[in-house]
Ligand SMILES: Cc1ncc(COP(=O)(O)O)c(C=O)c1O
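Shown below, as structure tokens, is a lone chain in the form predicted on its own; questions about how it binds or moves come after it.
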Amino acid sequence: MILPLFEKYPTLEKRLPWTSLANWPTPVQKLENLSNAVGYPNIWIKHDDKSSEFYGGNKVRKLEFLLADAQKKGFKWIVTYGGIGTNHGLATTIHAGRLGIKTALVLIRQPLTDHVQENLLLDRHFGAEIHYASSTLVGGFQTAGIYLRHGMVYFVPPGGSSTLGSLGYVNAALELKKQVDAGLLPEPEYIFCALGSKGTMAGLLLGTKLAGMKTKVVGVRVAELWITKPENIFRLANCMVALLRKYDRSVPALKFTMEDVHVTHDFFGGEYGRVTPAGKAAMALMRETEKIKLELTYTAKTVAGMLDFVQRHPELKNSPVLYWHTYNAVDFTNVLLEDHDYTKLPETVQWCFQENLVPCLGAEEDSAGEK
């Protein structure tokens, strides 16, 4: 398999680290039922949730570059960061494990949901070394201890959103352009994606330009402003341009500014991971109309932002819009049913299970009188 990025710029294939972890391209689909329900007949989805049978979602695209780099340099351990329910941390643990690399997670507090509990249980099941950081200072000490314990450790930033990792979404945009050219969908007027660690949005911003698309990328903010400021997004895109041109001077010397960055801030909810009424409504609507599963930290807020946008902009005149689905579609219910003893987790995170929230475990916990 040759990535669209390498097809367009062949020199990069020999100079950038990359390993195949997933099945590309991910499918596109018109959301007929959702479109009918909201009265906007041209809503599409890009199914990155189906990117891998091991663990899907948007992190896989980034990890194909990052884990290849770690493997090439001989690292046996990775350290990365996120909230206690981090999808990125779980994706890294699973895919790094496939390559024989172990993962240490440094986790910070976020509001508790069933999704948070599930991911903590799955982190342990798939072999993550879990460290809870009650503050930034503690996180620093935890990281230092990981380096002392394991020696050579490869650093992966939150969300995998480094200059190298975010190239996964430059390639994703070029993949989408091939699907447009093949007649699988019209060129979107807008792409809506979750804006958290910013790598997905920055990569799509650059990738759509390299693909010659007129599409505008809209990030629906789901994380704190200091992470998601527009200047952070266009600077990351510019860093990716510099990296690509370092290895292939035929890559255009694009320069992004504030004017290129489109962000909606209205669906964040005031705290990372906080459940919002708009997110819950969007999640229920997507489930009822399309049988597609969202979660409340990223994807439900993104869909809520997209639906609000199309309903407030009649001047769009039913132009095609695309929701980029970044959640994982692999069902781990059987894993959780077989291996859900939270007391095997470090004591520092067992407080997350003072109340059972995981639906698939509810009946068992109720019968044991432990809820």
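None of the values given here were measured: they were computed from a predicted structure. A residue's number is simply how far along the shown sequence it sits, counting from 1.
What comes next is about the form predicted in complex with the named molecule, which does not appear here.
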{"item": "Which of 36 to 44, 337 to 345, 22 to 30, 59 to 67 lines the interface with the named molecule in the predicted bound form (heavy atom within 4.5 Å)", "value": "59 to 67"}
{"item": "One residue of 117, 142, 87, 163 in contact with the named molecule, assessed in the predicted bound form (non-hydrogen atom, 4.5 angstroms)", "value": "87"}
{"item": "Position in contact with the named molecule when the complex is considered in the predicted bound form, options 176, 194, 156, 128, heavy atoms within 4.5 Å", "value": "194"}
{"item": "Residue 93 within 4.5 Å of the named molecule in the predicted bound form, heavy atoms", "value": "no"}
{"item": "Contact of residue 188 with the named molecule in the predicted bound form (heavy atom, 4.5 Å)", "value": "no"}
{"item": "4.5 Å heavy atom contact, residue 309 to the named molecule in the predicted bound form", "value": "no"}
{"item": "Contact flag, residue 326 vs the named molecule in the predicted bound form, heavy atom cut 4.5 Å", "value": "yes"}
{"item": "Partner contacts in the predicted bound form for 291 to 322 (non-hydrogen atom within 4.5 angstroms of the named molecule)", "value": "295, 298, 299"}
